[in-house]
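Only one chain comes next, encoded as structure tokens, the form predicted on its own.
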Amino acid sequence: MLHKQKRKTRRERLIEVGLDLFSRHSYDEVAIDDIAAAANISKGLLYYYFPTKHDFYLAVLRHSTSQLLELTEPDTSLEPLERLRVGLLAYFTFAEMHARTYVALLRGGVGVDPEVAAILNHVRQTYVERVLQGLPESERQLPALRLAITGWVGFVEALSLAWLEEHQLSKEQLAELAIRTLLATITSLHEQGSSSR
């Protein structure tokens, strides 16, 4: 017997509308009237679910980042490097699909908002933990490793921004560049640790 698909709530449908709007327009370009018109509802009903455009945007952003984390969830059946490669490919694909919003967020704009920044920082820290979990226990003990991986996550963001502008590399080449940079960073930490003994 086929299971009936769970019916989406109005709130979920509104968030889908927001995902579409914010993937094509920046935060400042989208007005409450645009959201209500795209959802085919009154502004009053929209305000019932989301008191302000900012509240609506935060809900859309939380949903979007949850999707990103889910799509890039590590496959523990893979070897660590391949697991990282698959996750990076999924990340770059997501960035490409939501390019306009992604670029606006990481380059500032509404991203300077403390609540938006908190959501983005949660995503970054999740990636730091995922990378750490993929490393051998002995390497996790390296001094400054967490700081270095946090910097590497920032590098991946900057890399994806540059790539979205120019597309000079394939996603596979981009992932390989990110992996080589991470391995070089870890090797450097090893060498620093050895020289300080």
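Here, rigid core means the biggest group of C-alpha atoms that superpose within 1.5 Å across both forms. Just count from 1 along the sequence shown to find any residue number. From a predicted model like this one, the values you see are computed outputs, not experimental measurements.
Another form exists, predicted in complex with the DNA; not displayed. Remarks below refer to it.
Of the listed positions (I32, V153, L145, L161), a single one reaches within 4.5 angstroms of the DNA by any non-hydrogen atom in the predicted bound form, namely I32. Only one of Q141, S170, Q133, S42 lies close to the DNA in the predicted bound form, with a heavy atom inside 4.5 Å, and it is S42. Note on the interface: of 64-72, 50-58, 162-170, 133-141, the segment with non-hydrogen atoms within 4.5 angstroms of the DNA in the predicted bound form is 50-58. Put simply, R10 is close to the DNA in the predicted bound form: some heavy atom of it is within 4.5 Å. The Cα position of T52 differs by 2 Å or more between the shown form and the other one after fitting on the rigid core.
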